[in-house]
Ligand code: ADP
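Below sits a lone chain in structure tokens, taken as the form predicted alone.
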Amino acid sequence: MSKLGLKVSNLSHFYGPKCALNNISFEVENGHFCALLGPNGAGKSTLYALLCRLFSAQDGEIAIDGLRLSENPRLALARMGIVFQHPTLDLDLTVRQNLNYFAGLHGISGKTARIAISEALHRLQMAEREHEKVRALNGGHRRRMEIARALIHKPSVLLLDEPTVGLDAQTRRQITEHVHDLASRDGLTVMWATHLVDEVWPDDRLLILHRGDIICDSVAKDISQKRSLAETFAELTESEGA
């Protein structure tokens, strides 16, 4: 049996009386791409905040690469790379300078940092832009750079929260392909949160989150059957909200 990259067990979270996540559980095996699909307000951002330990879990358990987040937070989080929805880059530094600063935050320096940065840039096809200032990059290249930054410390789990917001359709498709390659080729466990059905491939593991509940957990093509995923998703979320 494949080792689990990510395991969430009976996770709940409340904002006062409002339930943001309702006793959700799921597992993602190493080397798998898992799409987390949900409309705005479904609970995706809350789940990611708990996975990144921006919030502490009120109820339930999270394990990253076999390490319980509540028991070994530093070790568990070190196994994770994160790409947030909103960019967090210094526009006036070059690509390599940004990545070098981030490597330093992980305690990576000198030759080790140079090698790790070069490898991450090559994986995302960004090596030729390493000396350009981030301000000069288009939105797609900035996103690739943020993914490269998330890979510097060689995590086993990669979380991406709405990573293509504001990008055109072609750029979104290219970035989605790159991240799928990271799972299939490099063995990364990937969780990709989105509200856009066209970013989910037929063979992807798919979780549909709505109003704090996981209402579907299967392979995308099995969930949609003979219909389009867009039709299925709209029907499921509309009926759940009725």
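All residue numbers refer to positions in the sequence shown, first residue = 1. All figures in this text were calculated on a predicted structure; none of them were measured in a lab.
The form predicted in complex with this ligand is left out here; the points below concern that form.
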query: Would residue 30 sit within 4.5 Å of this ligand in the predicted complex, counting heavy atoms only?
result: no
message: Given that this ligand is not shown alongside this chain, does residue 20 nevertheless sit within 4.5 Å of it in the predicted complex, heavy atom to heavy atom?
response: yes
query: Is the gap between residue 174 and this ligand in the predicted complex 4.5 Å or less for some heavy atom pair?
result: no
- request: Answer with yes or no whether residue 42 is in contact with this ligand in the predicted complex, where contact means some heavy atom within 4.5 Å.
  value: yes
- prompt: In terms of non-hydrogen atoms within 4.5 angstroms, which of the given stretches 196 to 204, 33 to 41, 183 to 191, 62 to 70 touches this ligand in the predicted complex?
  reply: 33 to 41
